[in-house]
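Only one chain is included here, represented as structure tokens and corresponding to the form predicted alone.
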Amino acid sequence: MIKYIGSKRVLVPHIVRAVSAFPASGRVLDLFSGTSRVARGLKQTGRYVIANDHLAYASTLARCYVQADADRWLDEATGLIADLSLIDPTPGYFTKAFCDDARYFKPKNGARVDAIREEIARRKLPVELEAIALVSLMEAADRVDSTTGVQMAYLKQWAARASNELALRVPAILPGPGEALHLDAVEAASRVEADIAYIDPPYNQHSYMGNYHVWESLVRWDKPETYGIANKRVQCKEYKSDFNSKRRIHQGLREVFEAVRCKHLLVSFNNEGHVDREEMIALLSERGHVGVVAVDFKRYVGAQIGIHNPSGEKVGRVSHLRNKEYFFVVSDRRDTVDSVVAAIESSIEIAALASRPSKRKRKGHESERRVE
């Protein structure tokens, strides 16, 4: 899958373990699905997953990894991607915007993206098959980009991987049904009924539209006007989300929590977010009992590299290299909350024991069993 700030890749086993600990978990809503890592992980366990995101590239990832049934689409997708791999490169909008005017990709790879994307559009494919092809192209481009993992900027010196040849692969789609939505979070929350809602909203001022504008333009293929050194789509100037605003995020979260039609909630939130742990507990307490587990993990690579000025000189200093991800467990029953908190703690402990030398002291998680 694509590189992604806020990705829950290392946390997926804990999330699956938490969902499994609820008394009913056959139908799960992932309200802010992003790369669909979590949604795919839950689908892999046999659950029916509804993955929602309001950004086009994210909902396309969900159609590929959640909605598409491998039993129905894998053979056709394999043949399609083999055909697309043979297309001759032809430079166009993508090459000019993201290789010439900006330096996210080498022009040789940009020209391949242009040609393949035009062919996908020309074929007018069924939605699931189109999503699989677009994800294959997105992930191929991600493997040859020259960024730290976000598209707010590109590296001053070319990343070594940028010189590799763009190569399509068939995405690892799963058998079984699922559903992908492309809706505002409140609309999706009010429309979908499920046993559990997994809620992982944006948590600070950084917009996912701005962070991944190249993928948004690649999927939409609307060839928008761009601006600035990063060559962002102009829509990024106008795009506003309550979750990126310190002033509006509390109301945005409250509207989501009030709208969601699920008995149990599992909420993921970062300690660098605009809402702190106590504030989140207060918001969620209106839905029932609340328990908290915190998981310690590395910050994304860009934060570890630090901040550089336009000349490539490092400025300032990195304040910290590790974050906490909070899991808030919400249910109308206190014993359910306690069971799920215990399951997450157990999962973290097992992972910690498997990944470190036996004599090193345990660290990296804490829990709060308090209910509100």
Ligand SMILES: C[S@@+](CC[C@H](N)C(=O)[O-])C[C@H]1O[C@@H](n2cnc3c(N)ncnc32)[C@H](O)[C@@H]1O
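No experiment lies behind these values; they were computed from the predicted model shown. Residue positions are given as counts along the sequence shown, with the first one as 1.
We do not show the form predicted in complex with the ligand, though everything after this point is about it.
Residues placing heavy atoms within 4.5 Å of the ligand in the predicted complex fall in a single listed stretch, namely 27 to 35, out of 40 to 48, 66 to 74, 337 to 345, 27 to 35. Interface residue remark: A185 is counted as part of the site for the ligand in the predicted complex, having a heavy atom within 4.5 Å. Mapping the unseen interface onto this chain, T90 falls outside it, with no heavy atom inside 4.5 Å of the ligand in the predicted complex. When the ligand is considered in the predicted complex, P202 lines it closely, a heavy atom lying within 4.5 Å. Looking at F243, you'd find a heavy atom of it within 4.5 angstroms of the ligand in the predicted complex. Note on the partner interface in the predicted complex: the residue among Y198, F94, W215, F105 having a heavy atom within 4.5 angstroms of the ligand is Y198. For the candidate spot formed by K8, H54 and Y208, every residue has a non-hydrogen atom within 4.5 angstroms of the ligand in the predicted complex.
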